[in-house]
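What follows is one chain in structure tokens, specifically the form predicted on its own.
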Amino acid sequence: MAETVLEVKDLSITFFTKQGALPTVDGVSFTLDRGETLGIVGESGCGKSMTVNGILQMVPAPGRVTGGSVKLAGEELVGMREKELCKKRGQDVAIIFQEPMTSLNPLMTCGRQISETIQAHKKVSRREADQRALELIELVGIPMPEKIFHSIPGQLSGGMRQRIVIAMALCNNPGVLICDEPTTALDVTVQAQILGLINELKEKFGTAVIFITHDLGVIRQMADKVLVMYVGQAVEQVDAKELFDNPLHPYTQGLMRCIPGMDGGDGDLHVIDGSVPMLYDLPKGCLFAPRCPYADDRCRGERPGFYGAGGHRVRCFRCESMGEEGSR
């Protein structure tokens, strides 16, 4: 049987502001097994990164986790003391951010930054940590690792800096690796190299991966299963192959049509009309109803549940009978 390393159940995050209590993440649930990749996709402002903040228990003020459970290797993180959480972060779960310079000290050599991360979680000598750091720099495919070990981040290209961040993330063999749009700032060639590297390392170490992006093309390449988010809610949850073969939620279908070449045509790119609503001005009914070509009076007045069977779940009234009749 597959080994579950992360279990998120009904995770909710609320920001308490002058406009009132704003539901940033609303009841998100999923499980992640060893060696598996979950892709989380959606437009900017849909709650992808905030979901990750909730998993790491790093929600910025004035927000906080207001419900749900996050179990890492069976251990509950919600409510855990900060001192214990610090031990988990970087050791049992690690994260790669979009811009590597937000994770790197511009005045410290790359090798020392990796070795300090190792020493923060393991009782090893500096010499042992430095040796491990050198091995990791070589592992992530950087040429002349000894030279890079003694270089500061500003002397490296964007792709090489991202490889250093990946080395830092992997230095303590975490069970879960979170990739928060790690290739957005890179050119296409370097992006392909980084995606290939993450897949190689996942296969080698059996690390479970959460890959966050707005790019369904990347999801198609990387993910085993997908969670599509819209305004803090999961609107479709399914295996990646099934998602691309049979997208059911109108939002997912719209995202698919936005990918060049997906429909085989050579005309103008499709755009989803409208924009993501503000949290302080959410629609009364289905959150996607103002942008949905299929919305009716029920959609505009009532929130749909999360319907589905056989691992394909959809938050849409058009799929209300999925549990009885299968996909349609």
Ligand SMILES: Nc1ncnc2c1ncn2[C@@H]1O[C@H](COP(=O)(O)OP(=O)(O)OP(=O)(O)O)[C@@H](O)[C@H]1O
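A residue's number is simply how far along the shown sequence it sits, counting from 1. Quick caveat: nothing in here was measured; it's all calculated off a predicted structure.
Here the subject shifts to the form predicted in complex with the named molecule, a form of this protein not shown in this document.
- Interface residue among Met50, Leu32, Val28, Ala289, judged by heavy atoms within 4.5 Å of the named molecule in the model of the complex: Met50.
- Taking a 4.5 Å heavy atom cutoff to the named molecule in the model of the complex, the contact residue among Leu56, Leu279, Ile272, Ala295 is Leu279.
- Residue contact check for Gly45: one or more of its heavy atoms lie within 4.5 Å of the named molecule in the model of the complex.
- Residue contact check for Phe317: none of its heavy atoms lie within 4.5 Å of the named molecule in the model of the complex.
- Put simply, Glu181 is close to the named molecule in the model of the complex: some heavy atom of it is within 4.5 Å.
- Put simply, Pro260 is far from the named molecule in the model of the complex: not one heavy atom of it is within 4.5 Å.
- Within 4.5 Å of the named molecule in the model of the complex, a heavy atom is found for every one of Thr17, Thr24 and Pro62.
- Of the candidate stretches 37-45, 64-72, 298-306, 281-289, only 37-45 contains residues with a heavy atom within 4.5 Å of the named molecule in the model of the complex.
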